[in-house]
Structure formats: C-alpha cells, structure tokens
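Next comes just one chain, in structure tokens: the form predicted alone.
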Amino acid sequence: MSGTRLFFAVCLLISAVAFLLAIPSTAPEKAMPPAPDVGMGVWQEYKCEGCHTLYGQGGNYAPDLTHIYATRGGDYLREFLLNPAAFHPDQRQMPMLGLTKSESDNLLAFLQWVGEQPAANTWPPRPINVSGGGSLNVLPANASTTISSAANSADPVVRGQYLFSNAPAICSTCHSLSADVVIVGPSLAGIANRAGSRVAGTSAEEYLRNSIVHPSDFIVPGFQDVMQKNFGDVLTSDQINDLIAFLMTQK
C-alpha cells in the first residue's frame, strides 16, 4: 500500500512540474514612469500627433520626434515650447501652446522616455548621422564657478565658445563643429577658412557677422533658410563679436 502511495505521489509531482514548465515565462511589461505617463496625456490632449510622428506614426506635417530629446536637449525644447515663432521667423511655425511649467516638464519627460525605448534603437530604419545636440550647458552642471568664468572671461574666444553652446545664442543646437556632421544647418568645422570666399568682396569676419544678423542674405547651397532671424536683437554687439572671434578659430 505504501508503495502505491509513493508511486502516485511521484506521478503527481512529475505532473505538477510538467504543468509549471508548460506555462510561458513572460516577464511583466515595464510600466511607464509617472512623469512620462502624465506627459503622454499632455501629448494627446494637445493633439501633438496631428502634426508630429513618433516611430513614424502620426501626422507628417512636422518632424518625427522619436529622438528629439537626445538630439536637441531639454533646455532647447523648453525654450522652443515657450515661443516657437522666435526660432524660425517668417517660416511655417508651430502654434504657441501655452503649456504650464508642469505640462512642459512632463511632456519633455515623455519625449525623453520615448527615445530611450528599445524600439528607438532601430528607428529610423535608415541611419542618420546626427550629433551636436544634447544639453545646452556643455559644462558640468555643478561647475558653477567654471560656467561663470567662461561667460565672463577676458578672452573673447572663450566667451564666444560659451555662447556657441549656451543661451542666448545656442548655435550648437543647429550647427556642429565636426566635419560633415549636419544637424539642421551646415557644419561650421573649418568655417574660418571658407567664410572669406563665400561672398565676393566680403571678408571672413564680415561674412560671419552678416550670417548672424542677416542670415537670409546668403544661404549655403543645399540648405533652407530656417536660421533664427532675430539674433541682431537678441545678442549684443559684444556677444556677436565674441561669437565671431570663436568661429574664426575653427580652421
């Protein structure tokens, strides 16, 4: 009798193990963090998908935003959301949404989350060589002394380098300093060597100044006239001089 019980017990154990092994072992889906979750609600409430796409899905009126956070950085995007028309005057403009700070923070958290998902690693299907975006503050976040000394340096080249990647100029959001790398506008690698030959009778310094203040006067072949048009009002003459001094080191 004991042998019979043992036999049935062993059979029951084997059946239980076989049943458990037959159940698919799927890991629970990772939940979206709270801030991106709220941000997705902002994205839907303001019908952003009517103009923009994520992973190619949505409206095709405006750019795909799958990698926009990694490309542009939070600082640029926050400023853009406040006043989109200031970035590309006289061009097709995104409407001013009037987002609250909380809505902007959550929307940016959502866009950052989107670009960090596995699906983003294979989007777009055809790789695009893009670099030079990221945070507008290229100096360490905790290096306030270093930031202050760069912005207020006695060397115009140092001040210009700071302006290139920081407000109010933030040229690095559209221009790269690496050869053959296009973000929005042309790469400025070697611009000091090319600037003097762009417009007949115009020196390199004059060309750079006119490109900052009156960017529509000369458009580099192959590019559109989308550069911000109000730098003459946004930047002081000293800041423009500093930017030119820095760009003239790019040989």
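When you see a residue number, it is the position in the sequence shown, counting from 1. All values reported here derive from a predicted model rather than from experimental measurement. We call the rigid core whatever largest set of C-alpha positions still superposes within 1.5 Å between the two forms.
Just so it is clear, the following notes concern the form predicted together with a small molecule, a form of the same protein that is not shown.
**Student:** In the predicted bound form, which of the listed residues (191, 38, 182, 32) lies with a heavy atom within 4.5 Å of the small molecule?
**Tutor:** That would be 191.
**Student:** Does any heavy atom of residue 66 come within 4.5 Å of a heavy atom of the small molecule in the predicted bound form?
**Tutor:** Heavy-atom contact with the small molecule at 4.5 Å: absent for residue 66.
**Student:** Tell me, yes or no, whether residue 109 is in contact with the small molecule in the predicted bound form, where a contact means a heavy atom of each within 4.5 Å.
**Tutor:** Because no heavy atom of residue 109 falls inside 4.5 Å of the small molecule in the predicted bound form, the answer is no.
**Student:** In the predicted bound form, is there a heavy atom of the small molecule that lies within 4.5 Å of any heavy atom of residue 95, even though the partner is absent here?
**Tutor:** The answer is yes: residue 95 has a heavy atom within 4.5 Å of the small molecule.
**Student:** Taking heavy atoms and a 4.5 Å cut-off, does residue 120 contact the small molecule in the predicted bound form?
**Tutor:** Flag for residue 120 set to no.
**Student:** Any chance the CA of residue 74 moves 2 angstroms or more between the shown form and the other one, core superposed?
**Tutor:** Superposed on the core, residue 74 moves its C-alpha 2 Å or more between the shown form and the other one.
**Student:** Aligning on the core only, does the CA of residue 223 end up 2 angstroms or more away between the shown form and the other one?
**Tutor:** Superposed on the core, residue 223 moves its C-alpha less than 2 Å between the shown form and the other one.
**Student:** Once both forms sit on the same rigid core, is the C-alpha displacement of residue 202 at or above 2 Å between the shown form and the other one?
**Tutor:** Residue 202: C-alpha displaced by less than 2 Å between the shown form and the other one.
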